[in-house]
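In structure tokens, one chain follows: the form predicted on its own.
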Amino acid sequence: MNDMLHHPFVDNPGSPLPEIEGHISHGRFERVLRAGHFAVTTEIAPPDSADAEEVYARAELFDGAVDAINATDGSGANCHMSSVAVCALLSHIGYSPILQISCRDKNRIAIQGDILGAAAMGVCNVLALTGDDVSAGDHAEAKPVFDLDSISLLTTIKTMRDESRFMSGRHLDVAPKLFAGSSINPFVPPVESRVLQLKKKIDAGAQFIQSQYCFDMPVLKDMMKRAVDMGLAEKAFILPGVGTLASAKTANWLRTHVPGVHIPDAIIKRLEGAEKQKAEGQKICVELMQEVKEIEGVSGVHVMAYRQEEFVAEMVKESGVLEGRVPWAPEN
């Protein structure tokens, strides 16, 4: 079974899903969003292993709490099991994975091949990323590629899907049916320009957007107001990212060492003043989810919990953002 075949919204989950007008993929994630539900996504850190069971164990932590699971692609320029492989494994047993493609490591030939291969294995969602520089990771001697960037990758996906052809112009026998997305960081200065970058990605073909960590709600709300005023929230589904912080020390390290991560002083002070900092970090994440849900133009939330994945389901349920809806789980 895979994301295209096993679906809680149809009577017979073993039968192919029917075409729905306006839907690009056959996937569950797209259906949840287009049905008007507030969607919840999260991400899985691929293992440093060739063991499929490690992938399944990590995904199982999210059962019944999230609508889709991102498989990171060499996040932080560190090497792990490939995103294509993780997504194929998850799709095979019924999950709805989001394939991340980083332009850092592959040229357009390899990327287009991965797009076709992933779609053939039942993957329905793809997230186009430019990628972190190799100097940030554990293979600093690696040669970066950057043949494409996130904008040109989105255009490539759209061309393959909608025009049934490679970038070279060569015809595809069967086009990949993929729900395409990309990311945005509302906190990269000048912040006023972020909505223009958002527009570029949507114009290039992004149908959904996931953001980096959003701990500063006023800045996020300002960007979303601009996005709504420009009509962008009507053209793409926007899912701001939130996260849980294990401690004030962790928060300080993240904002100092990870490019693009912005954590306000007030969050740090709140963690420092807590008797149990990890629990306080989870409480903050729950509150952020609840606040994000009330922002006009938002379609869902992306929950990141590096090395705290076991708490994601609990935090999502405590937040109440699903309003009683239970996302897919293997027993459904």
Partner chain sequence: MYSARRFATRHSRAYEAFYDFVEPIILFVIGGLSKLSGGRLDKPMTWVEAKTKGALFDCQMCGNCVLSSTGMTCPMNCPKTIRNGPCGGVRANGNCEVKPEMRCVWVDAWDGASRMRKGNQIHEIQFATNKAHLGTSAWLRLLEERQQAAEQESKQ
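Numbering follows the first chain given and starts at 1. A quick note: this is a predicted structure, and the numbers were derived from the prediction, not measured.
FYI, the form predicted in complex with the partner chain isn't displayed, but the following is about it.
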{"query": "Listed residue (K200, R165, H139, K225) with a non-hydrogen atom within 4.5 angstroms of the partner chain in the predicted complex", "finding": "K200"}
{"query": "Proximity to the partner chain in the predicted complex, single hit among A233, M217, A204, M160 (heavy atom within 4.5 Å)", "finding": "A204"}
{"query": "Joint contact, I151, N185 and G260 to the partner chain in the predicted complex, by non-hydrogen atom at 4.5 Å", "finding": "yes"}
{"query": "Residue contact check: D133 to the partner chain in the predicted complex, 4.5 Å heavy atom", "finding": "yes"}
{"query": "Contact label in the predicted complex: F146 to the partner chain, heavy atom within 4.5 Å", "finding": "yes"}
{"query": "Contact of R108 with the partner chain in the predicted complex (heavy atom, 4.5 Å)", "finding": "yes"}
{"query": "Exercise: P189 in contact with the partner chain in the predicted complex, heavy atom 4.5 Å", "finding": "yes"}
{"query": "Per-stretch contact check against the partner chain in the predicted complex, the hit in 239-247, 217-225, 93-101, 123-131 (non-hydrogen atom, 4.5 angstroms)", "finding": "123-131"}
